[in-house]
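For reference, the chain that follows is the form predicted on its own, supplied as structure tokens.
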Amino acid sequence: MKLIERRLTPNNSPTAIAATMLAAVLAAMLIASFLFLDFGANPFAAYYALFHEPFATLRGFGYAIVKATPLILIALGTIVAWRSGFTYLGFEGCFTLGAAASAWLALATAPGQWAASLSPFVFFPAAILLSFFVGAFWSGLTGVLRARFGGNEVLISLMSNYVAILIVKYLVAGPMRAPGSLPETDQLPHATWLAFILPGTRAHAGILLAIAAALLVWMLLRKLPLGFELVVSGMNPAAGRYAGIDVPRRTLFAAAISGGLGALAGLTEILGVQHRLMDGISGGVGFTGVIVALLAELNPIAVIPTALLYGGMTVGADAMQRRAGIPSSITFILQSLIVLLVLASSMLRSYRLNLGALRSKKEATQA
């Protein structure tokens, strides 16, 4: 009788998922602690600094929310796309174009411009719709190539990122460039900034938009017939077509929704944090959001705490560098280890410890 047996089906209960993820995180922290020794730092003190700043201080928690907001929206876009069988990786481009669209409309509300009379009650819904439409259009192009012509959406979406980034580079260096300044736009009018929701912090109202989007995506995928058709189209397109589902149209719909959510991430960054458009504004957040979605097991609700943890660790890296004298690059190694081990931890749910075999072995030894 084997001590470890393979299950017929993986144990995907919430308790099992939480236990294996916690074990993976602790294992990653244990492995990374050996890297601290070269710098003469106490691993316990380093980890205290890493988690105390973002999760035990109001100012640090506000920064963690700021970091988590775009990650939540991009992770939600990833979930919609990937669960529909559309492996989209163009969120970096959607983020950049969404930021550009919202910045363009915000600059149009400056005194003397064509939208100067636009009130904030009209501006914010209009900016959300505009950014969402731009992102949906951009990702929809990839969706059309995949649904109608069978193109490889992974390669197309990755290449589209570079095109989007170059478009924004052209805008901030040409038509939208502030006179006599660096390649960036003027500062956006103050009335177009997202409101700060925690006094004394930089946490802005974009997190409310992200939470609302998480609830809507959860309802779409779990409660609505359209979401059921999307999931079936992703799991087994042949079965979906046999059931009468228009799989190419569902793929195109998923592409548009995912790109729109990615563009809203850019809106929250430009209206909540940067307040001006500049080159390189994304900084790789489009790919980090995909990692957050994978860590959350493509669960729309789980992306919220996962993004907060990921964003908090980014904030805590600076505190760890200051207090423990450890380079922030160690934190990136730790984050990479967590990602790798958490993704590998799903394998553990396919096995179980046979306690009966353990007792039999112990009794045989005593006899």
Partner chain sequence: MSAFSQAFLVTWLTAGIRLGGPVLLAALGETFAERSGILNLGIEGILLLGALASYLTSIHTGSLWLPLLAAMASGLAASLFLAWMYVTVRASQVVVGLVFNVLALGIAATVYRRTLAHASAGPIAMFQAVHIPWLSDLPILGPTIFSQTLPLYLTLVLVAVAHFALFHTRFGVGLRAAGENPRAADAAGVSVPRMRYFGTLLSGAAAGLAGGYLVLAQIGLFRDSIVAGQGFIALGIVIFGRWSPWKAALAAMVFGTCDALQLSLQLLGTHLPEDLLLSIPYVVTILAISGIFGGRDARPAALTVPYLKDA
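Numbering follows the first chain given and starts at 1. Computed from a predicted model, the values in this text were never measured in an experiment.
What comes next is about the form predicted together with the partner chain, which does not appear here.
K.L.:
In terms of non-hydrogen atoms within 4.5 angstroms, which of the given stretches 51-59, 64-72, 35-43, 299-307 touches the partner chain in the predicted complex?
P.N.:
So the stretch in question is 35-43.
K.L.:
When the partner chain is placed as it is in the predicted complex, are V154, V290 and L337 each within 4.5 Å of it, taking any non-hydrogen atom of the residue?
P.N.:
Yes, because V154, V290 and L337 each have a heavy atom that approaches the partner chain to within 4.5 Å in the predicted complex.
K.L.:
Identify, from the list R276, K169, R202, R241, the residue with a heavy atom within 4.5 Å of the partner chain in the predicted complex.
P.N.:
Here the answer is residue option K169.
K.L.:
Which listed residue (A256, V217, L89, L209) meets the criterion of a heavy atom within 4.5 Å of the partner chain in the predicted complex?
P.N.:
Selected residue: L89.
K.L.:
Would V163 sit within 4.5 Å of the partner chain in the predicted complex, counting heavy atoms only?
P.N.:
Judged by the heavy-atom cut-off of 4.5 Å, V163 is in contact with the partner chain in the predicted complex.
K.L.:
Though only this chain appears here, would G280 touch the partner chain in the predicted complex if you measure heavy atom gaps against 4.5 Å?
P.N.:
So G280 does not count as contacting the partner chain.
K.L.:
Spell out, yes or no, whether the shortest heavy atom distance between A18 and the partner chain in the predicted complex is within 4.5 Å.
P.N.:
No, A18 sits far enough from the partner chain in the predicted complex that none of its heavy atoms falls within 4.5 Å.
K.L.:
For I330, is any heavy atom within 4.5 Å of the partner chain in the predicted complex, or not?
P.N.:
Residue-level check for I330: yes, a contact with the partner chain.
K.L.:
Considering only 59-81, what residues come within 4.5 Å of the partner chain in the predicted complex, judged by heavy atoms?
P.N.:
Residues within 4.5 Å: none.
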